[in-house]
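Listed next as structure tokens is one chain, alone, in the form predicted alone.
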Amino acid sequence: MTKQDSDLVKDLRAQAAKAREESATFDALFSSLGEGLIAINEKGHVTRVNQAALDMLGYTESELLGEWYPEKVVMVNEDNSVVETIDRPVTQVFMTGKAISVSKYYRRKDGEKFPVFMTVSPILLRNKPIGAIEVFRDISDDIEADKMKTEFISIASHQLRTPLSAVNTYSLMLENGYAGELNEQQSTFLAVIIAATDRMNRLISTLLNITRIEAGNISVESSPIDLSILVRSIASEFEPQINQKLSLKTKIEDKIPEVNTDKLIVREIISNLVSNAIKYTPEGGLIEMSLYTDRKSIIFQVRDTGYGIPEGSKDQIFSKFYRASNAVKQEVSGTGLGLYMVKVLAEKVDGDTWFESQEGKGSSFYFSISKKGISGKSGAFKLENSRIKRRD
């Protein structure tokens, strides 16, 4: 053997040893992760599975390896019906070549259903999927904790509303002179009480609405709605508040078609967007409400010249209880629930929401609804109007 051949053998042995070391490291990581991992080849067969996945699913390794993944690892809907193979995330990953994150249900070997949050990612070779890796975790505890929080909010809201109703009634009686004429200072104090009571009423309604929506108990009605009239009505409702410190423009396209949808839900969405724009626009700014159409949709837009949204906050702006850092610094009061409500309510009427924003220059929020309209959906509760009109 020549020296060149000897060096080549040494190099090959070193590379093989390095490959074995890397493989052992990968095996250790794969096995030790606390989340379930399943590797699937291009034919849909399970090629690898870690212990966490086996523990959650109730199988042994030998029962899963080599098996056809969609048949052995059964995915079900909330009603326990089996999810068709074509609708499973792994199928979508193979079709699109893009990762998917979603919440679903799996069925254990013993038949018990449990919720999981999963991310399925493709294994690509020359931009073509040749396999997939699925990472998932049991979210039963997360769902139970969220359910407890929702129940607490519901109970607390109901308990708050009872004494608040008394404050509402007696403050209205005082305002209308039932206890005699008020002097200037008393009228000022009463105005503060009334404003605070209205804010609390709106907050309670919002909390109750969120509780009912998250429980899936909100009914959705469908009737012909003229959105031009609705937007003008909302603009009129907010005009006194806006005129205290801001300018208002309203632009409505001619001949907006009627659409079958839930008027109260749409009103709540638009009202929350306008209220949000007012809240985060400093004195002297502009609020512009627009209604127009494209080929398939009717689109409402509210533009403001307010604080805008920092780049790092944009992906969380529709999250529950989230408020951007610049809004907090400006000491603007808020709960972080308005935009969350917009997002979940838009989904109820098959609508869409999005925004454009630049910090320091303002924001534009959009709500679109299909011209096709929606069908009604039954539910135990109707949405509450969170804006209380005291002087109707």
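This structure is a prediction, so every number in the text was calculated from the model and none was measured. Numbering starts at 1 and runs along the sequence shown.
Keep in mind that the form predicted together with ligand ADP is missing from the display, and what follows is about it.
Enquirer: Name the stretch: of 57-65, 358-366, 36-44, 344-352, exactly one has residues whose heavy atoms fall within 4.5 Å of ligand ADP in the predicted bound form.
Expert: Selected stretch: 358-366.
Enquirer: Is residue 337 close enough to ligand ADP in the predicted bound form to count, meaning some heavy atom within 4.5 Å?
Expert: Residue 337: yes, in contact with ligand ADP in the predicted bound form.
Enquirer: I'd like to know if residue 170 sits close to ligand ADP in the predicted bound form, meaning any non-hydrogen atom pair within 4.5 angstroms.
Expert: Outside the cut-off, so no.
Enquirer: Is residue 324 near ligand ADP? Define near as a heavy atom within 4.5 Å, in the predicted bound form.
Expert: Answer yes; at least one heavy atom of residue 324 falls within 4.5 Å of ligand ADP in the predicted bound form.
Enquirer: Since only the chain is shown here, I'm wondering whether residue 277 would be in contact with ligand ADP in the predicted bound form (any heavy atom pair within 4.5 Å).
Expert: Because a heavy atom of residue 277 falls inside 4.5 Å of ligand ADP in the predicted bound form, the answer is yes.
Enquirer: Using heavy atoms only and a 4.5 Å cut-off, determine which of 89, 285, 308, 129 is in contact with ligand ADP in the predicted bound form.
Expert: If I apply the 4.5 Å criterion carefully, the residue I get is 308.
Enquirer: Just one of 317, 225, 74, 135 has a heavy atom within 4.5 Å of ligand ADP in the predicted bound form. Which one?
Expert: That would be 317.
Enquirer: Check each residue of 66-89 against ligand ADP in the predicted bound form and list those with a heavy atom within 4.5 Å, in sequence order.
Expert: Contacting residues: none.
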